[in-house]
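Given next are two forms of a protein chain, the same chain in both, each as C-alpha cells and marked structure 1 or structure 2.
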Structure 1
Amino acid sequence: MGSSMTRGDIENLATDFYGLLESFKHAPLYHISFEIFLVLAVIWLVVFRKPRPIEKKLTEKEKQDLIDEWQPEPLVPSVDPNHPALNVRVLDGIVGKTVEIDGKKSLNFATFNFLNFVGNQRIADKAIQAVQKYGVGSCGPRGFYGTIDIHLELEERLARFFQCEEGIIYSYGFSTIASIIPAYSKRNDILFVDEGVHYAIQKGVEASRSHVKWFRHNDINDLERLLAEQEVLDKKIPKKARSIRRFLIIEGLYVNYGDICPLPRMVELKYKYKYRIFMDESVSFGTIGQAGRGVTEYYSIDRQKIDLISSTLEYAAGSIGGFAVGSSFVVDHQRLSAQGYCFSASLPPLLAAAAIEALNIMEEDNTLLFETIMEKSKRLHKKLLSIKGYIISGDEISPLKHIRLTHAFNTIGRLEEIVQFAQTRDITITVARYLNDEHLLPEPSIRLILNVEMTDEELEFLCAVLQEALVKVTT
C-alpha cells in the first residue's frame, strides 16, 4: 500500500532541505571536511575494498615439506678454530714473576701482577685464615645477607688509603665501572668520554643510554672544543640545560695505551664548564704516586676535586673484585643503584682478606715498592727505546708498555711471531687483545707489564730477546 504526498509534505521537505543547506553555510570548514571524508571512506569500503581471501589450509605433507626446507640461522657466528681464545696457554702453578707453561719456566711480562702480590706468602696465609673462619663463598648479594664484617673493614681501609670519606667494593673488577656509570648518568645526561677508554667503561657508557660525546684520546683541546660547543647549545635552551647532568669519564693511566691523563687541565675545565669527573685508576692504583695512590697523588691534586675514583683489586692488589671511593653522599648511591653491587653475590671473604693484607704491605713505613716500580719502569722504557725498529707507547713511569713494529710491518701475524719466539727463549709476553665491538680499536701491539721484582739483568734479557725477534720477523 502507498500514499501520495500532500502539498504540506512537499513544503516540509523543502523546508528541511533549505535548513540543511543553511546549516552547511554556517558549519565550520573542518566539520564539513570531516563529514566529506567519512562519506568517501564509506564509499571506498563498499566499492573498492576487496574481501580478505580465505586462507588455504595446508595439508600435513605441505607442512612437513616446509619444515624440511627451513634452515635456521646459526645461534652464534662461525669462529676460526685457530682463534687465540680457543687455543690458550695453560699455566701450572702460581702466576708470579715467573710462570710455568708446558713444564717450562719463563719470565712473566704478560699478567698485571705489578707488585708481585700473587704468591706472596703473607697474603696467602691471610686468605687461608679467612677460609677457615668464613668458608669459601658468600652466596648472597650485599643487601641480602651477603655483607660480612671483613667487607666493611676492606671498604674502610680503601677509603682511608685514598683519604676519602667512604669506599664500596664489588665482587668483579669489570662490573665495577660498568655498573657505576649507569648508576649516575641517565637518559638525556651527557657523557664526555675519552675514545681510548677500556672495554668495561665502554659497556658502562652504553648501559647509561646517555648522550655520548667522544673526544680524541688524551687530547685536552678536543675535549674543550666539545665542552664549548655544548655551552653554546645550553644557552639556547637554558631551562632544559639546568636539568642535564654532565660527566667526564677518563682513566688515570690508560690500559690500552700506557699513558697518563692530563688531569690538572681537566680539573681546571671542570670548574669552568661544570661537569663531574669519574676516573678509573685500575692500572695506576698501586703503581703511580709516592704511596701508590694513583694519578691524583702523582699530580698533587686534592682528591676531593675528583667526584669518583674507581679501580680494580685484580691488578696491583693481586686479588679479585673492584672498588670505588669518594664522598659518602656519592658512594652510598651505588648501594641502591649499581647493578653489580645490588645483584651479584658479594666478594668471597678470602679475597677481601687478601686485599686487606695487600693494603697492609702497601702502607708499611719506608716501603720502596712504588719508588722501585716507577724507577724500573723508567729504565725499561729507556732500554726499549734503544731498540731500533719498535715504536714504544706509554709514559716512562708506567709499568705497562705497548710496543709496535714500524708501520708496514705492524701486523697481528708478525707480533704473534715475536711472542712465539720470545716463549722459546723463556720470555712470556702477549699481543693485546680487543673485542670487535670496541668503540675504537687500537693499533695491534704487544703489551708488556713490569713486575716490581724484575732485575736489571732480566730487563736486559727481555730487550735482547725482543731485538732477536725483530730481526727474525722483518728479514
Structure 2
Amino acid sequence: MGSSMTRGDIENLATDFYGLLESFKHAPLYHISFEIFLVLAVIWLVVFRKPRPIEKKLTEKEKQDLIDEWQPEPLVPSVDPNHPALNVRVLDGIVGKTVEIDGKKSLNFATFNFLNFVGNQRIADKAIQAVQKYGVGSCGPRGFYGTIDIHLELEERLARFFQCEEGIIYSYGFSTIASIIPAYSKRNDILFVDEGVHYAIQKGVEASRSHVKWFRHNDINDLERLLAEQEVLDKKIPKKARSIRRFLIIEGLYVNYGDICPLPRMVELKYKYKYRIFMDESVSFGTIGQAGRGVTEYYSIDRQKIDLISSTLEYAAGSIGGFAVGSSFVVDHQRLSAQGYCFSASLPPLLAAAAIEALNIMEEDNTLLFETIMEKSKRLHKKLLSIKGYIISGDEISPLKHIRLTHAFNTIGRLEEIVQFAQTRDITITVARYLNDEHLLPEPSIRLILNVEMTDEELEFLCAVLQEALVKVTT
C-alpha cells in the first residue's frame, strides 16, 4: 500500500498543472510551435522510421581479394558414361515398319510412325520435286521472304482437313505448343492444366508465367473442384476477374499415358465457367476418329467449340514440324505473337510438300486407314491384356500403349533388359525417356506404338516375345 495522497498533495498537483497551462498561454508562439515540432518528431521517429542497415563499404583491395578468391563451379557436372542417352542404338536406312540395326532387320514398334508414311514412295517423290523447285532450306523467317507458297497451301489444307477457318504451321513439333501458350496467356491469366501433359506443354506453361492450377490426370471431378474454387475467388474481386483470361490445356490422347481425355464434359464446363480450351492432338491426329480428325470426331463434338487444336506433323504425317488450327480470330494472333513462328526460320519446303502429300493420302483413303488402325489397336490391346504379368496402360483404341511390370518389379533396369531381349529376337521397342524435371514423372514404362501396316501374325509375334522376355526377367 503506497503512501496515500492527502488532499493537500492533490491541491498542489492541481496548482502545478494550472500553472503549466498558464505558462503555455503566456509563452511566445515560436516556443510553442518548436515544442509541438519536437513532439511530432519524436512520434515520427518512434513509430514510422525503420532502422536503416549499416552499409558496409569495402576498400578496393578487399574487392580485388574477393574477386581473386571467387571460384566458380565447373561449367557442367560430370555425367555417367553409361547413361542411355550416350549409348543409343544407331540405325541405318529407312525407319519404317522395319528398321535396320547392326545389319539386322527388326520389326519396329518404337517410332511414332502410325500410318507408315516413312519411306512412302509418293511422299518421297513429292519431296524430291520440292527440292528441285525450291532447294532445301527456306533461308528466312515467315516475315522476311521465308513464306513460300507451299506453306500457304499446307496451312489451307490443314484448315480444310479439320474443317476450321485457319491453320498455321511451325517448323518444329516441340516449339509449336511451347510457343502457342505464352502467346495468349500472360502473367495475370489462369491455366488449368492436366498433370499428365507432355514436356513441351509444361515448358509452354512455364514460359507464359501465368498462374497454373494442375488437376489430377483425366480427373474431371478434380477439375470441377478447381473451377468452383476459382469462381468463389472471382466473386470477391469481380472487377479484376473480368480481365483474367482462363484456359484449359489438355491433350486429346496423352502421350505419357495413352488415354483419351473426357472431352464432352470439359466442353460443357467450358460454357459454364467460361474458359477457353487449347487441345494438343499430337498423337490423335491421323489415328483417332473415322477420318483421322482426332478426339473431337471420336466424340462427335463440334470442332468450333474447341478454341485451338494444336498438333504435330512428326507423328502420323511422317514429316517434321507442327501446326495449329482454329478460328481465324484465335489463330491469326500467333502470326505476330508466337515467338517460335515470328523469330524462327520457316519450315523447309520439302517437309511441307511431304506433309501435303500425307494429307492427300489421308483424305483419299478417307475412312479405311483409320478404321484399320483403330481395329488393330483394339486387337493388340486384347492380345496384350492376355499376357499375365504386364500392366497395360492406354485406351483400347489408342495406337500408343504403355506397358509396365507389376508394381514391385517395375524398374528401368528390368524394362531395359526386356528391350534388349526383344532386340535379339528382332523386335525393336523402347523404354519411354523422360527428363527428371517433369512436373509429374510417369512410372517407367515401355512405349509400344502400333504401325497400321502390322499384320496379325506380327502382333502375335510381338506378344510372344514380350511373354518370353517377362519370363526371362522375372526369374
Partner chain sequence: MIDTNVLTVSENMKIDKNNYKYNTTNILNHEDDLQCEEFEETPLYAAVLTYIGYAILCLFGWLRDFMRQSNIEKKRGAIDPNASLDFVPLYQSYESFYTRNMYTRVRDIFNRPITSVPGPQFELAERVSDDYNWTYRFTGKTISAINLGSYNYLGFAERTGSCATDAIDAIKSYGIATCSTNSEIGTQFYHVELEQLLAKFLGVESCIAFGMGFATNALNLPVLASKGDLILSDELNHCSLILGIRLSGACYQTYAHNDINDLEKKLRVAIVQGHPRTNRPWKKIIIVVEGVYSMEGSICRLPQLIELKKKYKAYLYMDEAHSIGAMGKSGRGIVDYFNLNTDDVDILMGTFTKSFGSAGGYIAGKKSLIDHIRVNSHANTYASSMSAPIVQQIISSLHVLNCPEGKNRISQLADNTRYFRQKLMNMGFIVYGNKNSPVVPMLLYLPARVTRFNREMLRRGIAVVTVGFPATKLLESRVRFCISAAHTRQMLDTTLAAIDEVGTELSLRYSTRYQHRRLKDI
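Throughout, residue numbering runs from 1 along the sequence of structure 1. Just so you know, these numbers come straight off a predicted model, no measurement behind them. Rigid core here is just the name for the largest C-alpha set that superposes within 1.5 Å across the two forms.
Would you check which of the pair is the form predicted on its own? Pick structure 1; the other is not the form predicted on its own.
Given a superposition on the rigid core, I'd like a yes or no on whether T406 shifts its C-alpha by 2 Å or more between structure 1 and structure 2. Moves: no, less than 2 Å.
Does P72 show a Cα shift reaching 2 Å between structure 1 and structure 2 after rigid-core superposition? It does shift by 2 Å or more.
Superposing on the rigid core, is the Cα displacement of S243 between structure 1 and structure 2 2 Å or more? The answer is no; the displacement is under 2 Å.
Having superposed the rigid core, state how many Å the Cα of I36 shifts between structure 1 and structure 2. So the C-alpha of I36 has moved 11.9 Å between structure 1 and structure 2.
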